[in-house]
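Presented as structure tokens, the chain that follows is alone, the form predicted on its own.
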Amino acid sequence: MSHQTLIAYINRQIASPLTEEECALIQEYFVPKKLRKHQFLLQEGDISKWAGFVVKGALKMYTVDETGRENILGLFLENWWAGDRESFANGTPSPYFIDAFEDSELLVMTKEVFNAHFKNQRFVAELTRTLTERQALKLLKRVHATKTLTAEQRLIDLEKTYPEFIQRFPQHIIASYLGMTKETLSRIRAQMIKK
């Protein structure tokens, strides 16, 4: 059952395990949502309605520039949260698209459900703090990599940190995520093989 995946995930993030009542809340209010490949969880200009936990599948978060090119900002796999936290929290239009790269299954919760049933739960504060700290550190590391590492170093770092991205997403998505063209990524890979 997919709720057990979410419960196990939360238990790994918090100091003391979820109580039976907290588990029952999660099972009652997190609703399964299936996305077919290329189906949107969020589109630019919309207000994020969902906080979504990925049970199965892969999603990508991106903006589209004036030439129509996707600029990949985030990739989400199993046991990741997918959504625009700022839009969800503040009710502001999102500048991002999030769509399913593979057929995906999520457990989602609306802002109304969060405010009515989860906002004051003790595990939510701890989980939010843990996830916010982790996200801030990842973002800082990513900005540092973009500003200081060579394209080859960024690829090596990604292969070490998130090898599953390399296995699940095609080269053009990985290239965009790393801030380079597909051709540059191909050239770097060819040079690395020769070494």
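Every value quoted in this text rests on a predicted model; they were computed, and no experiment measured them. Counting begins at 1, following the sequence as shown.
Just so it is clear, the following notes concern the form predicted in complex with a further copy of the same chain, a form of the same protein that is not shown.
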Answer key, a further copy of the same chain contact in the predicted complex at 4.5 Å (heavy atoms) among 132, 150, 167, 161: the residue is 132
I'd like to know if residue 88 sits close to a further copy of the same chain in the predicted complex, meaning any non-hydrogen atom pair within 4.5 angstroms.
no
How about residue 31 - does it come within 4.5 Å of a further copy of the same chain in the predicted complex, if we only consider non-hydrogen atoms?
no
Q: Flag residue 36 as yes or no: does it have a non-hydrogen atom within 4.5 angstroms of any non-hydrogen atom of a further copy of the same chain in the predicted complex?
A: no
- [ ] Please check if residue 56 has a heavy atom lying within 4.5 Å of any heavy atom of a further copy of the same chain in the predicted complex.
- [x] no
| query | Is it the case that 72, 96 and 136 all touch a further copy of the same chain in the predicted complex, with a non-hydrogen atom of each within 4.5 angstroms? | reply | yes
Near a further copy of the same chain in the predicted complex, with a heavy atom at 4.5 Å or closer, the residues from 143-172 are 143, 144, 146, 147, 148
